[in-house]
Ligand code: ARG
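In structure tokens, the next block holds one chain alone, the form predicted alone.
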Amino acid sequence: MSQKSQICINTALYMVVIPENKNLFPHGRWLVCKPEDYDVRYKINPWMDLTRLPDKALARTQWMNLHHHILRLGGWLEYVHHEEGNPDMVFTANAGLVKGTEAVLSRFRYAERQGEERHFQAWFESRGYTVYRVSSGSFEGEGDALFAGEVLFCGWGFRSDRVAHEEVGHHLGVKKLVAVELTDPRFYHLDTCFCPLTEKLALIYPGAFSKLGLEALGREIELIHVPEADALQFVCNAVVLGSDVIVPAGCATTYALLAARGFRTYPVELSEFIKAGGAAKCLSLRLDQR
């Protein structure tokens, strides 16, 4: 294979040769961050426990397994360096929200994560994105803002503010924005309890929303309700690659629900990242919307 026809990605953990023809990767571009400094060093959500720390070697193995699944199933991966002193930077879904060549940078609620902002901004700008920052309120990227076709679904209450969502929607020219309040602190980000599968179908854990919120979501998209046991394994925090869905391990009921709708599931063990309150989707940011 000639140098012109290949791209080599080399990190301390792996070397993989990827064909230059991106048609081999039909399910979009995703930003990931190798867990070089991943840890639990503070508590900013109910999952974090300073007496129950992640096994770092196991976390690296789990991340690599997720990484290889995304590649194998047709996702094109791009990488941001894990800057020391920012243990949660591995959760790239929280970097911002991307549409076209514009990236709305996250404005983290907690000081513990605010140091990530300049590193993500530098990465976006180095790749030619126009970076926008909200002027008020907190906004935590795809953690609380998920596209399903032309509709942007947003969650507010724990990490992001409704006023920030409105500003994001206006800036990106979103045709329709549906914002709902999150009510269960265990599901502090929208992507922990809601997962668009197509423009018309989504997974949801109903216990994370008020009755009014569920009704608002149900008016816009068909909802597949997952049981609490699977929700607590972060089954809604999934990476959707067409009809293939990468999901956390141990969620057999939801796998059956997905199979009944024609989806293939690929369970991966992500126990060490759940200790910090994240799983497959948290570990990946969609760079080109469907």
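Heads up: residue numbers just count along the shown sequence, starting at 1. Quick caveat, the model's predicted, so the values are computed rather than measured.
FYI, the form predicted in complex with the ligand isn't displayed, but the following is about it.
- Scanning Ala249, Leu232, Leu223, Met48 against the ligand in the predicted bound form with a 4.5 Å heavy atom cut-off leaves one residue, Met48.
- For the options Lys99, Arg107, His119, Arg113, the one in contact with the ligand in the predicted bound form, meaning a heavy atom within 4.5 Å, is Arg113.
- Remark: all three candidate residues (Arg159, Gly277 and Cys282) come within 4.5 Å of the ligand in the predicted bound form, counting heavy atoms only.
- Remark: of stretches 213 to 221, 123 to 131, 86 to 94, 174 to 182, the one touching the ligand in the predicted bound form is 86 to 94 (heavy atom within 4.5 Å).
- Although the partner is absent here, Tyr188 lies within 4.5 Å of the ligand in the predicted bound form, judged by heavy atoms.
- The ligand in the predicted bound form is approached by Gly143, whose closest heavy atom lies within 4.5 angstroms of it.
- Within 4.5 Å of some heavy atom of the ligand in the predicted bound form lies at least one heavy atom of Ile44.
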